[in-house]
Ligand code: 5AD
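Heads up, the chain below is alone and in the form predicted on its own; it's given as structure tokens.
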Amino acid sequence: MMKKLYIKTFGCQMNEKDSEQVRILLEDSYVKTENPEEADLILINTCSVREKPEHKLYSEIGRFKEYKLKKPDLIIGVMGCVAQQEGQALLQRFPYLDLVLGTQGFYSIRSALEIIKEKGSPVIFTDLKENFEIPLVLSKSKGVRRVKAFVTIMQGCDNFCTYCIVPYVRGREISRAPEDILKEAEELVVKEGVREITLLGQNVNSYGLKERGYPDFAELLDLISQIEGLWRIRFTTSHPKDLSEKLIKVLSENPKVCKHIHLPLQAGSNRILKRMNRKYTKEEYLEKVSLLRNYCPEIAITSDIIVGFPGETEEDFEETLEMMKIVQFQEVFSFKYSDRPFTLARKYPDKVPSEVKEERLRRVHSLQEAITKSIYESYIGKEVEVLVEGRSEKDPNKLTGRTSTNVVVNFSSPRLDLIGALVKVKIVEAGKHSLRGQYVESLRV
């Protein structure tokens, strides 16, 4: 009889992909459940990029303690970035934990479970190896049909931005073998009918630059686009300093590569960018934006913004707002700065007061809301291509999907059996977070 696995995932798309990898690694002996109370193995996949998700983790672990009291054989584990960051300290804080698996260690989960079975003692795998090879993990079953999937192409980061914990918990940059990436992508298309793949990495623009004989990222995109049956390719995240003209040309010319790029600005002040160790100026960032729009006028650019970085003055912050007005980001993910372990910025003495950070965040939200509204309203009356992902959450009699520019579209259709199809939709209304439209015709089914 199959045991039951419950996974709770916090954080980024890479964490979502890691959780999926764990499910596949255990598919011979565990079936996934959405109910933690009936689970034989509970795993919490963690994020430590910001303070808030880390605090959520600790309350979540505490919640699962009662399940362990009712079911002593229950195995509870923490994986991901907080596991990598805290290691042994997690076992000291939560003595009922059985597993602590870091960002490379989770690939050894089968071995870890065997050790627990044999010895009955907790297991910690948190070593980070510079020569680590990201394993190829493929499901043995055909899999449930789905429209979209993630494929990790690299992990780790060499940039050491002064606010960022990623190099310390994900390690240095490691690119996957291109043949493994292609094999995984092909399997997803053939076995599960996937039409859109998002390539993941902390800095996809530097894919293959350290590994002799590997293609660079632009070349990898062209290789993946040759997979028959794959209609769309997305990627995240791009570091502005490594965005090449060669990549921009591929983004413009390859019809399978979506016309959207997430290009984190983080701050609009050169003084703050230098303190962040971002390795570009706002002028250089604007040059990249200009190049993107010259090659690909329809490109949608989204970004990350950190407010209240140590030493950020009102003048510095005003420069960030000005950059937002100039670039006209389609969407911005904005956050209040918080100190993270190991980082250089946590030692900076000139911290910005919490109430100032809160006020600046509100101003970023307000400005971006107006910009997004204007961009979304420009779609009204236009016909766009939408990859149908499923039924609309708010209205199951409507379908939902995304444009190539990564805008959510909810639309009415005479047919509801178009999930996985590429359709043309006429936009009739712009909402705050999505567009509304009417089905025109099917382009690919």
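Quick caveat, the model's predicted, so the values are computed rather than measured. In this text, residue numbers run from 1 along the sequence as written.
FYI, the form predicted together with the ligand isn't displayed, but the following is about it.
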Taking any heavy atom pair closer than or equal to 4.5 Å as contact, tell me whether Gln266 reaches the ligand in the predicted complex. yes
With a 4.5 Å heavy atom cut-off, would you call Ile306 a contact of the ligand in the predicted complex? yes
Verify the contact flag for Val384: yes if a non-hydrogen atom of it lies within 4.5 Å of a non-hydrogen atom of the ligand in the predicted complex, no if not. no
Using heavy atoms and a 4.5 Å limit, would one call Leu221 a contact residue for the ligand in the predicted complex? no
Within 4.5 Å of the ligand in the predicted complex, counting heavy atoms only, one of 180 to 188, 156 to 164, 108 to 116, 138 to 146 shows up; tell me which. 156 to 164
Residue (of Phe335, Phe132, Phe150, Phe125) lying close to the ligand in the predicted complex, criterion heavy atoms within 4.5 Å: Phe335
Using heavy atoms only and a 4.5 Å cut-off, determine which of Val49, Ile419, Val408, Leu26 is in contact with the ligand in the predicted complex. Val49
